[in-house]
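For reference, the chain that follows is the form predicted on its own, supplied as structure tokens.
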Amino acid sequence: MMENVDIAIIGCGPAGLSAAINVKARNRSLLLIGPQLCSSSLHKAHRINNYLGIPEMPGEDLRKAFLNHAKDMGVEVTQLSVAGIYPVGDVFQLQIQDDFIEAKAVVLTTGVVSTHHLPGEEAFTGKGVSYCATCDALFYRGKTIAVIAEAEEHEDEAIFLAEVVEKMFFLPKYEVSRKFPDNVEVISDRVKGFRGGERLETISLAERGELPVDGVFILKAQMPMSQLVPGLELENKHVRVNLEMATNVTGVYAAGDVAGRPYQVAKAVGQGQQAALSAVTYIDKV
């Protein structure tokens, strides 16, 4: 069981790390959740030419410098997936796999979440397509499902689902190295979409064709924002914020690419700091 915290920060790129060190500097407890790499865009950047004071910095060097700064301040990154963030009174409950923690405020720094949907994905969301293993697993007890996983970090969720269902087709977007239970069939194939009537009935694969399933779990690095925080207001597929980086949900702040263009490191770092300061001010008033 994880400890409750003052501020939960979802995302560990430049905005998230900036928010984390500013929360830490103000002696508030925090939980920083993010993927193993923390900012794949920085990792891939050949040179960062517009960050004040450090021109021509390789993106990977800057990423490591950010992480080292946070580590030196005692900030740790928790590599788990958040399934939902729910306001309960004056706090928020975060569902993290099969655990819940409470935070007094939340800062969203998830970066730009891919809005690409497979054919039929949106139509069958809630009708056979799910993004949360721990939320919806029991609806498929003894049934046949498919699991689409983006990264190795989702394998624990897949194993959990395998313990509940009768049959699982596991469709990883990476090379699998671990052994799965006998009721799991690992398939290397491209998902083309989903078909059905009132509910999902089949998943379409490029080579294998149609697989009859009762449900599909799409395990992404980050859930769609509108599903992660119920009631969160979006604008042009970004989270709407004011100058204090506050969203329309009291106690929830957003910073960096998720809060809109331009997608720049300097902007993300500055907004992360502002979001942290605003969150600290908010919890001091609650």
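Everything numeric in this text was worked out from a predicted model, so none of it was measured. A residue's number is simply how far along the shown sequence it sits, counting from 1.
Separately, the form predicted together with another copy of the chain exists; it is not shown, and the next lines address it.
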Legend entry - 26, 241 and 266 all contacting another copy of the chain in the predicted complex, non-hydrogen atom within 4.5 Å: yes
Inset, instruction - May I ask you to choose, among 88, 135, 73, 206, the residue with a heavy atom within 4.5 Å of another copy of the chain in the predicted complex? - result: 73
Legend entry - Contacting member of 261, 44, 237, 47, with respect to another copy of the chain in the predicted complex [4.5 Å, heavy atom]: 261
Legend entry - is_contact(residue 21, another copy of the chain) in the predicted complex, heavy atom dist at most 4.5 Å: yes
Legend entry - residue 217: touches another copy of the chain in the predicted complex, heavy atom cutoff 4.5 angstroms: no
Legend entry - Non-hydrogen atom contact residue 252 with another copy of the chain in the predicted complex at 4.5 angstroms: no
Inset, instruction - State yes or no: in the predicted complex, is some non-hydrogen atom of residue 55 no more than 4.5 angstroms from a non-hydrogen atom of another copy of the chain? - result: yes
Inset, instruction - Check each residue of 62-99 against another copy of the chain in the predicted complex and list those with a heavy atom within 4.5 Å, in sequence order. - result: 65, 66, 69, 72, 73
